[in-house]
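Just the one chain here, the form predicted on its own, laid out as structure tokens.
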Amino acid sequence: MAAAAPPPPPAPAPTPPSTVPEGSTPVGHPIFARIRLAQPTDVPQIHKLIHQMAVFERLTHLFSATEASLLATLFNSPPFLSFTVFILEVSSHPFIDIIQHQSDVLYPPSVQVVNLDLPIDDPEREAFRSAGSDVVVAGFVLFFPNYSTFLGKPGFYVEDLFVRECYRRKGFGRMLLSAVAKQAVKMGYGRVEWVVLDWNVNAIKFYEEMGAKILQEWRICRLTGEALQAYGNTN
């Protein structure tokens, strides 16, 4: 009787698919950028980003948000139906395409490769590092639905768009805003709008280059603090 054939060698463990966009060839100093839906566990990073934004906008006297208040208000509704946050993460290595959260099904993370002439020196890398990885939070955008009676369609209002200083002027702000615009188009919405401080000439130029209209004739009206309380308590 013939001897039994030896068992086949064990198959190698499957390699998780990379999220390097097809056709991209990293050169120079590539950095991998991912935009994903925020999770409640991102609140400490979101809080730090909002504080940095308040410093940049010279509005720290208005900053009173806490991690607890953000956690209590940001994640009470499904994404895109109320307050929604996209997180911008960067890494020196490709992201591994593994679905980790239900939100990844609702909004599959988008990844791009940015080729830089020089590496980015991030002095706050440790403070914004994701646990156990070289992934770093670099920015965020917070938006929510509004409505245009003229268009007869809903839209998105961008409350905050912020990229940390060492990651600016590299296209990451455009990625965040484009992610909101793509979601608006996907949902059949009619517009995306936001405001910009009149002294922030770099941002104004950036938005105009994207094709956004700067509406000089409109002014923001805001009822807050004691004035809000006074009208809220009237009979």
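None of the values given here were measured: they were computed from a predicted structure. From 1 onward, residues are counted along the sequence shown.
Missing here is the form predicted in complex with a further copy of the same chain; even so, the following discussion is about that form.
Taken together, the three residues M53, M210 and Q216 all come within 4.5 Å of a further copy of the same chain in the model of the complex, as judged by their closest heavy atom. Interface residue among L74, I120, V114, V135 relative to a further copy of the same chain in the model of the complex, by the heavy atom within 4.5 Å criterion: L74.
Although the partner is absent here, F83 sits close enough that one of its heavy atoms falls within 4.5 Å of a further copy of the same chain in the model of the complex.
Although the partner is absent from this view, G190 contacts a further copy of the same chain in the model of the complex, with a non-hydrogen atom inside 4.5 angstroms. At the 4.5 Å threshold, heavy atoms of S148 reach a further copy of the same chain in the model of the complex. Proximity of K153 to a further copy of the same chain in the model of the complex: non-hydrogen atoms within 4.5 Å are present. Taking a further copy of the same chain as it sits in the model of the complex, the stretch 192 to 229 comes within 4.5 angstroms of it through a non-hydrogen atom at V192, E193, W194, V195, V196, L197, D198, W199, Y207, M210, G211, A212, K213, I214, L215, Q216, E217, W218, R219, I220, C221, R222, L223, T224, G225, A227, L228, Q229.
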